[in-house]
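Heads up, the chain below is alone and in the form predicted on its own; it's given as structure tokens.
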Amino acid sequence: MKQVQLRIRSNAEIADNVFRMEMEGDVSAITTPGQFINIRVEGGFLRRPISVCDVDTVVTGTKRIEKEAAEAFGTSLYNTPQMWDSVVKEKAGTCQENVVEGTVTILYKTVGAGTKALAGRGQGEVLDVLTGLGNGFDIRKAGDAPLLVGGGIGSAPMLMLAKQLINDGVRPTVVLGFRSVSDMILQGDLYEIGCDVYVATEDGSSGMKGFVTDQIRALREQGMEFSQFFACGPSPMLKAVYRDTQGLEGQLSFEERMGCGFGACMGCSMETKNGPKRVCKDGPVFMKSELLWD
């Protein structure tokens, strides 16, 4: 966990009451898809936990300093290593070594006072954020045919997960579920990076009419086989996916109300086969085999 100040680069509505915010700063603590951040919102007692959708790191340490020097002065002015070194040292006086700078993207739905206040924040404003929280998805267990399942705003962590899988040479199948076409998010982003994307909507306004489990069942009936599934969404969806994936191991990320967000208050505890676990600290991702839903 790391407490940082992140500056808003953009904050815009992308679907009905769903916003996409991009922030820049020190994102070094965010290392695994499925982790979340905890944002301090003015006027609120508790921070707001929000899943990480994507992270893009820029440059680190000396390379960042050299980049700043080049942008400020231009490399053509420095014809000798000694002159270049002097500029780098001068710039280094205002820079920290080993700070990973970049951007973090989150998606959030405005459902209460905290998220509505967050939607009102604009470009250039600075937020106090706890980063790198929780244990995310373990892509080492993905196999060669992973299935990614996102329900509503729970689709958010699937983008970073899919990117890492594709970077490892694995092409995932993605199933997304929404109430209607007006709620749809990320289907275009996931398609553009090379995923096979299937959508189900409850009202049939886009894709298959029904739920993610209906779409998964249809794919399996067509002969598609999966090595492991990764799911995030509301509890009813997770339970339905759990029941409908007999014989298939998976990892499920829970959306849970939290107090502290880092394991101190025990407010988000749940029972597992291995005893009580904290969603914020031990999760939010749990293996299917750990859950007491049989």
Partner chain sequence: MERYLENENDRLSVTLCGIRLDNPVIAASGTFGYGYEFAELYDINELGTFSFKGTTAKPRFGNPTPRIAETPSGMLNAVGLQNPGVDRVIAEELPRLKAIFHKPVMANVSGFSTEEYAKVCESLDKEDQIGWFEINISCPNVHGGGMGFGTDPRLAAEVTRAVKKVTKKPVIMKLTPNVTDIAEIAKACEAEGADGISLINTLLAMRIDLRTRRPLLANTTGGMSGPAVFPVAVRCVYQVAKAVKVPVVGLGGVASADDVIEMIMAGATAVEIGAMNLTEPFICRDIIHELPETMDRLGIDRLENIIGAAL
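Numbering follows the first chain given and starts at 1. What you are looking at is a predicted structure, and each value in this text was computed from that prediction instead of being measured.
Heads up, the form predicted together with its partner chain isn't pictured, but that's what we're talking about next.
Select from the listed residues 138, 101, 202, 128 the one whose heavy atoms reach within 4.5 Å of its partner chain in the predicted complex.
Only one option qualifies, and that one is 128.
Residue stretch of 253-261, 24-32, 221-229, 49-57 approaching its partner chain in the predicted complex, non-hydrogen atom distance within 4.5 Å
Contact-bearing stretch, as computed: 253-261.
Looking in the predicted complex, any heavy atom of residue 3 within 4.5 Å of its partner chain?
Judged by the heavy-atom cut-off of 4.5 Å, residue 3 is in contact with its partner chain in the predicted complex.
Does residue 13 reach its partner chain in the predicted complex if we count a contact as any heavy atom within 4.5 Å?
Because no heavy atom of residue 13 falls inside 4.5 Å of its partner chain in the predicted complex, the answer is no.
Just to confirm, residue 20 within 4.5 Å of its partner chain in the predicted complex by heavy atoms?
Result no; residue 20 lies far from its partner chain in the predicted complex.
Hey, in the predicted complex, does residue 234 get a heavy atom within 4.5 angstroms of its partner chain?
Residue 234: no, not in contact with its partner chain in the predicted complex.
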